[in-house]
Every structure is written in C-alpha cells, then in structure tokens.
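Form predicted on its own, single chain, as structure tokens, below.
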C-alpha cells in the first residue's frame, strides 16, 4: 500500500443489505457516540431508502488502497494502524470535498455544522452501529476482524459503491422482474 500500512488486525463492517430493516438505530447509535446527541445528519453511517423496502446502510468500506486518504492534499486523513479505519483530523480538514470525489462510493460527507468530513472511524474498533444492529437481531451489519495475512486476500472495495448502485442490485434480489424501473 502506497503510504498506508497496517500492523495489526484490520477491523471492518460487512453488510447484508437484504437484512436491513431501515430502523436507523445505527445512525442514532453513531451520532450518540460521536456527537453526544441523536443527530442522524452527523452520523458516520447513513441509511438510504431510494426504493421503499430497500434500505441501504452506507458507510466507509475501508478500501484496500484508501483513495480518500491518498487524495487529501492537506493530510487530514490517515489510517488507524490498529483497525484500518480512516481517521479525520478535524483541524486539518478544509471540507474541500476531494476525498468525497475520490471515494468510489461517495461515502464521506460533511458535518452539518462544523465543516469537516465525516468518515466511519469504527469507534476505535468497537462500532456502536454494529452493536445495535446485532441487539435488534437484524444482523445487517457485522463486525469482521482479519489478520494482515488474510485481509489482503479480499477486497472491501466491493462495498464502496454509491447508494444508487447498491439499491439497483438489491431491488433485483428483493423484487425480481418487478424491480424494472424502480430506480
């Protein structure tokens, strides 16, 4: 990896879109953890419902090549050596949006009040969104921990897609031929 290295276990969140109920507890848990209030707009995970019945939890996929980190001209983004999460330095971030455009899933977004980019930081390795999803028994979000020698065999970039692309595939699975023209 050019400029990005991990020395420990990579932690990431896998998602099963067909299991998401759209309850949005993940957004609430995230905003409570990071902002201290229920504020879904400031959550690092967002649930998109572009087609009724097809909810898509959208959060950082921790691409193996970290295009957002590499694109930042201000070195405001880095990779947590322990988890592999992208870490945002609020003081260095200018909200220029280059990282948003570099992300294949357009996942980063700007804090609604404070003007810096929001990217899932995995809550330091204990993602609150996964906890509430597991507590609710939806299991749409699951924590995966992989050792360095195994995680390089797989790519998490498959999850770094736009909500529109993900929804298109999901409605085909959920509604079959009836999905034509839904999105």
Partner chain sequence: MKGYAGRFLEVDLTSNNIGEAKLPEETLRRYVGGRGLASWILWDRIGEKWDSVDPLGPENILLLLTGPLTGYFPGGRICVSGKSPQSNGIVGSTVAGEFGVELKCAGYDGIIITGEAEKPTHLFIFDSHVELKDASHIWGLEGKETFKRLVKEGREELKRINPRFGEWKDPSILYIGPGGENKVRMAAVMAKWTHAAGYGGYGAVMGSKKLKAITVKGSGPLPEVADMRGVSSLIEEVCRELYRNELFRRWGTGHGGYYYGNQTSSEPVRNWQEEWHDVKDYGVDRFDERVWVKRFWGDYGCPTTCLKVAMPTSGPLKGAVSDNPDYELQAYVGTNLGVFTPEGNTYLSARVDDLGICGINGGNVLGFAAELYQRGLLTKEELDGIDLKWGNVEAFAELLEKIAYRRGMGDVLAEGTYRAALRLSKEKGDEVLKYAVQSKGIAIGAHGNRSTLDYPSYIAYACSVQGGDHTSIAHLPLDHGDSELTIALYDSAVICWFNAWTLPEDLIWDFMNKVTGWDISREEWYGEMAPRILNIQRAVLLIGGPDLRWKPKENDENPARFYEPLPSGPKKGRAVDRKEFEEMRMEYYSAMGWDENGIPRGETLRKLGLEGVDKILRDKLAR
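Please read all numbers here as calculations on a predicted model, not as lab measurements. Positions refer to the first chain, counted from 1.
Separately, the form predicted together with its partner chain exists; it is not shown, and the next lines address it.
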Requested in this report: Give a yes/no on whether residue 106 approaches its partner chain to within 4.5 Å in the predicted bound form, heavy atoms considered.
Outcome: yes
Report task. Check whether residue 135 has any heavy atom within 4.5 Å of a heavy atom of its partner chain in the predicted bound form, and answer yes or no. Result -> yes
Query raised in the report: Does any heavy atom of residue 37 come within 4.5 Å of a heavy atom of its partner chain in the predicted bound form?
Result: yes
Report task. State yes or no: in the predicted bound form, is some non-hydrogen atom of residue 110 no more than 4.5 angstroms from a non-hydrogen atom of its partner chain? Result -> yes
Query raised in the report: Counting only heavy atoms and a 4.5 Å cut-off, does its partner chain in the predicted bound form sit next to every one of 63, 70 and 102?
Result: no
Report summary line: Of the residues spanning 10-42, the ones with some heavy atom within 4.5 Å of its partner chain in the predicted bound form are 18, 20, 21, 22, 23, 24, 25, 27, 28, 32, 36, 37, 38, 39, 40, 41
